[in-house]
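Before any questions on how it binds or moves, here is one chain, the form predicted on its own, in structure tokens.
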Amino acid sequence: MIHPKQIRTRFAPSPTGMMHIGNLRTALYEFLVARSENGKFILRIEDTDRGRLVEGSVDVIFRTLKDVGLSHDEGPDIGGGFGPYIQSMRKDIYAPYAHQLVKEGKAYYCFCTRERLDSLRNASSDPDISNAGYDRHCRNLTSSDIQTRIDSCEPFVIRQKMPLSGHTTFTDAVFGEITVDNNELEDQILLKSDGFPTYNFANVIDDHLMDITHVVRGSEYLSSTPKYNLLYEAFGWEIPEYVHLPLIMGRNEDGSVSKLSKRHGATGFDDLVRDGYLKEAIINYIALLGWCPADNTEIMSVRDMISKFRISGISKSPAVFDYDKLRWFNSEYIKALPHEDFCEMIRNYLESVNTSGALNTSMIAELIQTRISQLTEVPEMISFFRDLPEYSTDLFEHKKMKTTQQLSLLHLQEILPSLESLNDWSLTSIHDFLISYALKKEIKNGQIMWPIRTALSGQPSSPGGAVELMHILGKSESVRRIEKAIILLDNTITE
């Protein structure tokens, strides 16, 4: 198929709420199709379905694309030579094209009422009625009847005359050649009674007028592609290249898969960010939902994706959104963050535990940066620095460390006086002190490290061991917590 020299793709979302993962993947692939071939990526807002518009959604679209690094070359905010880029501002463009098709005998006025259409839809759900749906009731109205109805201001839509026999074939860059019987195609509405175009009609007109060469969208639109092509053919326009993307599925509790929905987990970009995922990790993972670079690279920046992207790498098979895999991606991105950036990213969390201002929050951040997969894990992981939780003395028992409650009590009681007299509270001094105690008592290091770590955190696991926690908490707080542990152990053992 011959296209203009420069590839032009468009992301044309409807402002109906959040940026869904599927929509974001479509935007990304359209961006990559264009950028990988030095083409243009266009943003167009499709707001002709007025009943579904959600206030603020356009801002969500702009912000999300900016956050993940998908810069557009033309759009409502920056203009371009093919505007306006908001469909509602293009309303007057579509009607002449629809009326042109009527004049050429390729479309017709339909005056069917909502009640009649509802009755047809109800009939379509009856298994005993075949070929139900719109029955082309107005397709062969006489010219005089049509004029009489128009003169009496009777509401109408404009429908395309679909072929009643034969078939329509098109080639998709991912799914190959696809053929659909024309008798399966209903006479689609082009122009609604309010003067606004339908989604399909507006898409075709706008894509043609904006010189779009590649239409990238989800495979759920495969069945409607013949409708698009029949419109292109009716106007005598060049048909763009289609790139249909595989479905994104979610894994159900029983192991089966179904189309990704909220029951599987967060499905919106903003929801994932609120769940503690980094924007760079999200877009990286989404890129691999149906596409794989030739060298099987996993961790990639958007710039890396541009250099590696090929349409031939897109798979036909549905992609399963694996939240565990996303967490792995996220943990890798968190580990790779410069320490200062990570500290700033979790600054509010760090400040919430450092109410006294005495804690070394930089060290806390350093301890947890390699231990988390989501930012939302941070508050619970570090909360013990602020408030020692209530805990069971069972935590002092550890088979691998060979510690028991009795041994823990003994060692904590013995080491406490020396800790209280330790003047140098540096990491090196604390470490050397605890190691020398283990050597003197001829015990394994873990038999003193574990009880102290448990006493300081009150948790089965913690970021950092005894040495790090003692250093961060400081001498006074460390002694206080160890004293509390001694009392708890003593009370439990003597009961």
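What you see is a predicted model; the values in this text were computed from it and never measured. Quick note: we count residues from 1 along the sequence shown, nothing fancier.
Form predicted together with glutamic acid: not shown, discussed below.
None of 134, 109, 82, 221 but one reaches within 4.5 angstroms of glutamic acid in the model of the complex through a heavy atom, and that residue is 221.
Checking 308, 371, 90, 217 against glutamic acid in the model of the complex, a heavy atom within 4.5 Å turns up for just one residue: 217. Though the partner is left out of this view, residue 425 does not reach within 4.5 Å of glutamic acid in the model of the complex, counting heavy atoms only. Heavy atoms of residue 46 reach within 4.5 Å of glutamic acid in the model of the complex, making it an interface residue. Taking the partner from elsewhere, residue 199 is found to have a heavy atom lying within 4.5 Å of glutamic acid in the model of the complex. In the model of the complex, glutamic acid sits beyond 4.5 Å of every heavy atom of residue 24.
Residues of 415-444 that come within 4.5 Å of glutamic acid in the model of the complex, judged by any heavy atom, do not exist; none qualify.
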